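The data below hold one chain only, encoded as structure tokens and taken in the form predicted alone.
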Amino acid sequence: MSNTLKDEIVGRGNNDGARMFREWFEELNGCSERGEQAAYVFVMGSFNEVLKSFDFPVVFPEINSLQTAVRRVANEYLEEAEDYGYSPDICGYVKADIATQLRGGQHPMGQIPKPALTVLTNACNTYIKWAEAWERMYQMPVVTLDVPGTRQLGGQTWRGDRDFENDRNYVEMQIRELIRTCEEVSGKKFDIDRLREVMGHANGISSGWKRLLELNANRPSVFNALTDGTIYLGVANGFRGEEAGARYFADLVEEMEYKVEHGIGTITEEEYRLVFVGVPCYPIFRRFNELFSEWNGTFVHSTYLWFASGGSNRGFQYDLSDPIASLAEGTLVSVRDAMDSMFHHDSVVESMLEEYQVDGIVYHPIKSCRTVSTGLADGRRALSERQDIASLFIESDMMDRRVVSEAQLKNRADAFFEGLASRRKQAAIQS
């Protein structure tokens, strides 16, 4: 193996992702300086495809907020929003964003432009109230797309089924209303060929995302779903529908296939393969991962990579010959899958156990997000009744450093790994 080639490929995805992320914020900063307005969206159903066909700069307030936590300034924003009147109990993402708006868009990564319109789905109940706050602040259009979810566990419907076609038609009519609103706000005429172009790039990201997740089933795993995965998520969301995003994922898949071929893992000695359930602890993001990597544990998958990618894990490919109908189908399939990964996480995790050779599951309920955290204890119990798998249940937050106890987290993680080691010894004796 050529060391030069190895140096060129291994780590490229993380480096390029970090650079693209900085450039994305620089572009938003430039929009704000020029007085241009953007579209505000969310990760579960962003409709980047439509918005970028109208050349709207796209802002993801969820990403903006988590960046304040990663850069250790979140508490300044949280406290400002609480002083303004927001409860300590509500979503930390919302409060950090409200403080950003109160500061005129001031953010650690640059100046965030004001919204010209907001687009959201019903995938998270917080989205609706969050958008209402912007509506009061800026008096701009808000488009809410109601995406039907799974009616019952195991009762999924697909193309050709009457219920599925009714749901798809329902979503399509809402997308056509979104297009009309974009025409009114932007002053541009809708260009279906431009939409096809954007959707073609989105296809590249979706296929790359699906392949990326498949490659991590190899031993050793080729990326850490918690740390590296967050970088990949940022590109998948922010650059969805752009040629640069599709090219990035093609290069990323090439890197991971190279690592598989040459047996290059994400850590030097992989002893424990873990699945993460919930949202990461961003206030101590690096240290949180070290609680597991110090025991030679690595996260091979997570439910976060499903729902925070808006369901891109399915790798849905748009039919560019009928773009609007196909966008409706892709939205229906992807967003309901994102919701399922939150609400039926026990089934999602169970589907990972054998394929990814999982040794343990880490559940991380957080104070800020009831949508993700509610039911984690019940799901853990239900899964443990079906599968003999070790699990850890630790609580902190994705934003609020005030409720994160590093010492307590470490004690729980250490005990978890001691238990894993004991299980492994018992299994060796019995065999």
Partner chain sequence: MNTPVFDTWIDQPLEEVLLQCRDLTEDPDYPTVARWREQGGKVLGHFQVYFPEEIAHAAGMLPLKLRGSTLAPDQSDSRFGSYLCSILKTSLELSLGGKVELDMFVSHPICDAARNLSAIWARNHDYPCQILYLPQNPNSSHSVTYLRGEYDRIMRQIEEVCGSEVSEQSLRQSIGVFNENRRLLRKLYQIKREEPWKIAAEDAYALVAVAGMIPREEHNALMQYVLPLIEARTAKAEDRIRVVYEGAFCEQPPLDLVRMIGRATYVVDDDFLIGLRWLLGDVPKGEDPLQDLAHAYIEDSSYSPVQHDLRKPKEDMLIERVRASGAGAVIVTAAKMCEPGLEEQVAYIHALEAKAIPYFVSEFEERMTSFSDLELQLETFMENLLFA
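This structure is a prediction, so every number in the text was calculated from the model and none was measured. Residue numbers count along the first chain shown, from 1.
Another form, the form predicted in complex with its partner chain, is not on view; read the next lines as being about it.
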query: Residues 301, 351 and 384 all lining its partner chain in the model of the complex, heavy atom within 4.5 Å; finding: no
query: Sole residue of 100, 174, 289, 203 within 4.5 Å of its partner chain in the model of the complex, by heavy atom; finding: 174
query: Proximity to its partner chain in the model of the complex, single hit among 357, 150, 75, 106 (heavy atom within 4.5 Å); finding: 150
query: Partner proximity in the model of the complex: residue 111 to its partner chain, non-hydrogen atom cutoff 4.5 Å; finding: no
query: Partner contact for residue 379 in the model of the complex: its partner chain, 4.5 angstroms, heavy atom; finding: yes
query: 4.5 Å heavy atom contact, residue 342 and its partner chain in the model of the complex; finding: yes
query: 4.5 Å heavy atom contact, residue 30 and its partner chain in the model of the complex; finding: no
query: Proximity to its partner chain in the model of the complex (heavy atom, within 4.5 Å), stretch among 311-319, 182-190, 121-129, 259-267; finding: 121-129
query: Within 394-417, the residues that have a heavy atom no more than 4.5 Å from its partner chain in the model of the complex; finding: 395, 403
